[in-house]
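Single chain ahead, by itself, as structure tokens, in the form predicted on its own.
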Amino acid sequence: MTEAFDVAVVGAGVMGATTALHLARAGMRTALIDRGAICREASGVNAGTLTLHMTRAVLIPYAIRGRQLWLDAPDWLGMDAGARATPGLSVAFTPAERDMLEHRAAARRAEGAPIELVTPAQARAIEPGLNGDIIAAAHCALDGHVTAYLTGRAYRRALVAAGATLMEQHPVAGIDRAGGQFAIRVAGQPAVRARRLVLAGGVWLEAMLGWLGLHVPVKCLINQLVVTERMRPVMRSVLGIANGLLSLKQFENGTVLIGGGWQGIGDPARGGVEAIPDNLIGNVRLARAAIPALAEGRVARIWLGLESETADALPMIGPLPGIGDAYVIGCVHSGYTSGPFMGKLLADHILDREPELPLFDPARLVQPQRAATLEKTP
């Protein structure tokens, strides 16, 4: 029998990779397993927005710490992942949006976000390209963005240096347990054995938890994203609209990324399948309305990104009920912002260190009638 790893992490997105990195650096024999490449599934098609405006209020303290970790990536990750600090603005064009903006700003401010209401004139001083028709705005100094396609490269280098075993392009078919070990069944390979298990599969967590006899419904959002051709500088902030239907930023190479959760067609099994033209048009028109100079540019590419959400819209991070030495991490709203901190948080818990902030107990989401202690013959 092959010697067991101390821990196997299934799912190599930002949260899984961060958890694996900290465990490996602490001396654990760590395997990181994914059906694709590191940070190339949901994490690799993410808009890379670092924002407090679009983060649920209760997650603000986590997002503040996660954003700082992204900016400090050269220190702890060993490579710049393209994180840049920018001002953040959320704007309103209608009275209903203004009321929503004020309410949400107050809720986030109560949790520590430095969000302040500003006048339309002040907002245009922060973002000169902004449409003059806005009637209200909220400003946050702690926003920014990450270049998503650089993160996999940075994590791979750090994980290799930490001595982790990387098993990319290794689809997992199921998990068994016997003799106090987990046996992760990998297609076409001998089972990977580990004393501890971390599931970090995002939108795929519902199926992955099913391997362990647990049922946790996970909603899958199929977010459309748009990137323009390179164009002259037309904006310098991360911009959103109070109703949440727009996320907008310009990268150093001149391209503008347009998001906001407009939905496409797909599911966890097939991934993103097809864009919905009317949603694409609506998203682009809204972006142009917010930053009129975008009329000069052309759409270069669209793609679909997958986002997960639990029944109460809060993460599940912590030990799995009834299954010793098994953990889960995922379903974090605005998860890219706080992802590095969430991974560190779970790693600290596994290492018996006092976590800086509380975890999010998965037991609250498990449907009791299907929960069971896992002890099967591989």
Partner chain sequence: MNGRATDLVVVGAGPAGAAAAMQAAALGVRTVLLEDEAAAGGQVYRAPATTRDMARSPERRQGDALRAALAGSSVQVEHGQKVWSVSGQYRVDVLGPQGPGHWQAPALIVATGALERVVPFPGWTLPGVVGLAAATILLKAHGMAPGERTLVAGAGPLLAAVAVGIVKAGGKVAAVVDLATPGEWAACLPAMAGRPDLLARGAGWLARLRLAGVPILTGHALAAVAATPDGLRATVQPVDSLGRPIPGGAATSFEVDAVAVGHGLIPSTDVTRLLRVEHWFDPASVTWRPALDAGFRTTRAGVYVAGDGGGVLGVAAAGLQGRLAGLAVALDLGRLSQVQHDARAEKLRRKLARAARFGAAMARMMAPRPGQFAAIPADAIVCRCEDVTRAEIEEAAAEGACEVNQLKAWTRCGMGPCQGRVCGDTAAALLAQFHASDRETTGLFTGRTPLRPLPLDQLTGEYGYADITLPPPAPL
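Residue numbers count along the first chain shown, from 1. Values in this document were obtained by computation on a predicted structure and should not be read as measured data.
Form predicted together with the partner chain: not shown, discussed below.
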Practice item. Identify, from the list R35, R29, R65, R56, the residue with a heavy atom within 4.5 Å of the partner chain in the predicted complex. Key: R56
Point to revise | Listed residue that, although the partner chain is not shown, lies within 4.5 Å of it in the predicted complex (heavy atoms), from E116, D72, D99, D278 | key: D278
Exercise for review: Among 181 to 189, 202 to 210, 121 to 129, 106 to 114, mark the stretch whose residues have heavy atoms within 4.5 Å of the partner chain in the predicted complex.
Suggested key: 106 to 114
Practice item. Check whether R157 has any heavy atom within 4.5 Å of a heavy atom of the partner chain in the predicted complex, and answer yes or no. Key: yes
Check your understanding: So, in the predicted complex, is G282 in contact with the partner chain at a 4.5 angstroms heavy atom limit?
Key -> yes
Exercise for review: Verify the contact flag for G152: yes if a non-hydrogen atom of it lies within 4.5 Å of a non-hydrogen atom of the partner chain in the predicted complex, no if not.
Suggested key: yes
Point to revise | the partner chain contact at V234 in the predicted complex, heavy atom, 4.5 Å | key: no
**Study point:** Complete contact of I317, R353 and A363 with the partner chain in the predicted complex (any heavy atom, 4.5 Å)
**Key:** no
Check your understanding: What are the residues of 168 to 187, in order along the chain, with a heavy atom within 4.5 Å of the partner chain in the predicted complex?
Key -> E168
